[in-house]
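Take a look at this one chain, the form predicted on its own, written out in structure tokens.
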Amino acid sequence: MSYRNDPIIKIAKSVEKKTKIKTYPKVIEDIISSIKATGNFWQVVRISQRPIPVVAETVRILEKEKLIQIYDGEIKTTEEFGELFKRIPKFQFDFTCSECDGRGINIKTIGIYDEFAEIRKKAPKPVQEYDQGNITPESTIGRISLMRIRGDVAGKKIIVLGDDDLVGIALGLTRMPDEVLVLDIDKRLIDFTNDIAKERNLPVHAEVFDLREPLPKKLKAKFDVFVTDPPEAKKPFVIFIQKGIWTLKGEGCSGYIGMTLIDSSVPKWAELQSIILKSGGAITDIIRDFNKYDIWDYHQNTVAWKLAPAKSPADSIWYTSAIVRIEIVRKANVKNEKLKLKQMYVDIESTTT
């Protein structure tokens, strides 16, 4: 197969046919730009911010056409690659602000980073069973700082739906919320959160709860703010978001959601954004690459690892997500549903579980 005529379009069509994920030329351009910047497959994923199956299939096609070569898990470009794709620029790392790491927020101002970082060292390790993966302490404090800037911390009642990132503890350390309730299925995290809250007299309470189940009726319309990092598969994503909105008091309340472009394509984002709008919310903020994830121990047991054509080690942060803030602008039209799916964390785009 030759890609001499309209190579980007042809690659995009081939990738979409193989992966069943909508792929247009801009997607391939982003992947090629990333390959020009790094030979590490996981960093190509991070830079391009495209679903892993799409990146993997693109790399396979480029290798098959002898436009790249893979040596010892690293991607090497050929002279032909450079000539064929010369109009596509190499990704520029130095465009990202080194002070704020691209978040646009000074995390030192809120004054709790050092205390939180010490607490975080003692927290339970992530486990694959619950799709856990910790964001860095800087990312957690960045979230709290953004919430503070938007007026969503002081004097607020906040619910955290799933909390392996210890957002509840970080919120409590500010001493600003009226109440923070943490719900999580992992008893280790719940016990750890309650112990820290008791030890430091924080306005935080945590309860073991399986978020696949409907939330208790007593939580309906009780909170000002919700925080959640829902699974990236579409059905659980929608259910988690709607449950969060269900807990809010009404107009002017807000929610903070983690969304990746690594486990969700832009077309899927469009569908999810539509759900938010139909549910009575408006998106006020999206900050890309906001949350940086530590490398989790079970990385080589994931679908993503199996898909990777270049088995280079993930020896530096590569998995990131955007922070999304929503604000309720009209009466919410949401359900508090049970999640019945057996495979709640995986679809054709979500592969990092």
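Residue indices: 1-based, along the sequence shown. From a predicted model like this one, the values you see are computed outputs, not experimental measurements.
Note that the form predicted together with another copy of the chain isn't included here; everything after this is about it.
Asker: Contact between K338 and another copy of the chain in the predicted complex at 4.5 Å, heavy atoms?
Answerer: Judged by the heavy-atom cut-off of 4.5 Å, K338 is well away from another copy of the chain in the predicted complex.
Asker: Spell out, yes or no, whether the shortest heavy atom distance between E63 and another copy of the chain in the predicted complex is within 4.5 Å.
Answerer: No, E63 sits far enough from another copy of the chain in the predicted complex that none of its heavy atoms falls within 4.5 Å.
Asker: My question is simply whether K292 lines the interface with another copy of the chain in the predicted complex - judged by any non-hydrogen atom within 4.5 Å.
Answerer: No, K292 stays farther than 4.5 Å from another copy of the chain in the predicted complex.
Asker: With the partner left out here, check for me: in the predicted complex, does some heavy atom of K18 sit within 4.5 Å of another copy of the chain?
Answerer: No - in the predicted complex, heavy atoms of K18 and another copy of the chain never come within 4.5 Å of each other.
Asker: Pick from F192, Y113, F91, F85: which residue has any heavy atom within 4.5 angstroms of another copy of the chain in the predicted complex?
Answerer: Among F192, Y113, F91, F85, a heavy atom within 4.5 Å of another copy of the chain in the predicted complex occurs only for F91.
Asker: Just give me the single entry in S145, T247, S264, S139 that has a non-hydrogen atom within 4.5 angstroms of another copy of the chain in the predicted complex.
Answerer: By the 4.5 Å criterion, the partner-contacting residue is S145.
Asker: Using heavy atoms and a 4.5 Å cut-off, decide whether G73, R120 and L211 all contact another copy of the chain in the predicted complex.
Answerer: Checking in the predicted complex: none of G73, R120 and L211 is within 4.5 Å of another copy of the chain.
Asker: From the candidate stretches 199 to 207, 236 to 244, 164 to 172, 105 to 113, select the single one in contact with another copy of the chain in the predicted complex, where contact means a heavy atom within 4.5 Å.
Answerer: Every other range fails; the passing one is 105 to 113.
Asker: Taking another copy of the chain in the predicted complex, which residues along 238 to 266 bring a heavy atom to within 4.5 Å of it?
Answerer: The stretch 238 to 266, when checked against another copy of the chain in the predicted complex, contributes K249, E251, G252, C253, V266 at the 4.5 Å heavy-atom cut-off.
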